[in-house]
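Before any questions on binding or motion, here is one chain by itself as structure tokens, the form predicted on its own.
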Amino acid sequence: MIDFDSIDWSDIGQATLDTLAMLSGSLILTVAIGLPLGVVLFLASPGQVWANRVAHLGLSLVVNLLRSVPFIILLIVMIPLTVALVGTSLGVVGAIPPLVVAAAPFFARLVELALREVGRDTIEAVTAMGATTRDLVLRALIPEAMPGILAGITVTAVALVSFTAMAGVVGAGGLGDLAIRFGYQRFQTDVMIVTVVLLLILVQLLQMAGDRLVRHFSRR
């Protein structure tokens, strides 16, 4: 029988805050790293202004390798590096480095795909006017690809929610950690249900906010 009165709601509240902290911190760093990486991937691809086959293949290989590693394995493999970077592999702080390493290559690919949707005529027209590469990127490519980039951020944020839940396996805290410690190990079904519902609500809110932003920029 499910008894919601037995739930420690202070633990639920703290776990929710931990999840939001992991999500926001890792998403900001993911965008900060993945956006320029995706731009470089696009510019270095064949037919673009920085076309370089070797550089493009090298970057693509690194991105594909990081994307192919299951997150739960990446969490464990990165423990020594995480400790070296932030001093611990536990808690919210210890979860952010592997979250960023897992999500940044994924987001970079989404950025590259969004930039490929920009019309070739637009790129050629801006280049013909003598624009520098910086002007091309900041005044043409990113503004034109903004709906696709925002959609990529939304998809990445939703993926990060699932990653934060998995990070609970190694003591990262958050709703995933609470679900494992209480819902799974102690068979408290009520805690499991609450954490799952909260994660579902979080994903829905992220998707709704992302869709609204995409529609807004698509009309501009």
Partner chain sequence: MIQFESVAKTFTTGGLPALHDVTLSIAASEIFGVIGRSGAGKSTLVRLINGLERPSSGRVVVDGQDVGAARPADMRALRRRVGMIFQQFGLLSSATVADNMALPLRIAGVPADARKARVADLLDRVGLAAHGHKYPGQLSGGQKQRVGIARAIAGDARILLCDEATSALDPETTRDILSLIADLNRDLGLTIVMITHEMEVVREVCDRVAVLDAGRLVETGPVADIFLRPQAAETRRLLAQAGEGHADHADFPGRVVRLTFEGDAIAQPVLTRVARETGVDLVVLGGHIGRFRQGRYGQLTLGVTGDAEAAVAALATYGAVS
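Everything numeric here is computed off the predicted structure, so don't read it as measured data. Numbering follows the first chain given and starts at 1.
Not pictured, yet referred to below: the form predicted together with the partner chain.
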Exercise. Is residue 127 one of the residues lying within 4.5 Å of the partner chain in the predicted bound form, judged by heavy atom distances?
Worked result: yes
Exercise. Using 4.5 Å between non-hydrogen atoms, is residue 91 touching the partner chain in the predicted bound form?
Worked result: no
Exercise. For residue 131, is any heavy atom within 4.5 Å of the partner chain in the predicted bound form, or not?
Worked result: yes
Exercise. Wondering, does residue 83 line up within 4.5 Å of the partner chain in the predicted bound form on heavy atoms?
Worked result: no
For this session: Would you mind picking the one in 140, 72, 79, 113 that has a heavy atom within 4.5 Å of the partner chain in the predicted bound form?
Result: 140
Problem set entry | Non-hydrogen atom within 4.5 Å of the partner chain in the predicted bound form for each of 122, 135 and 219 | yes
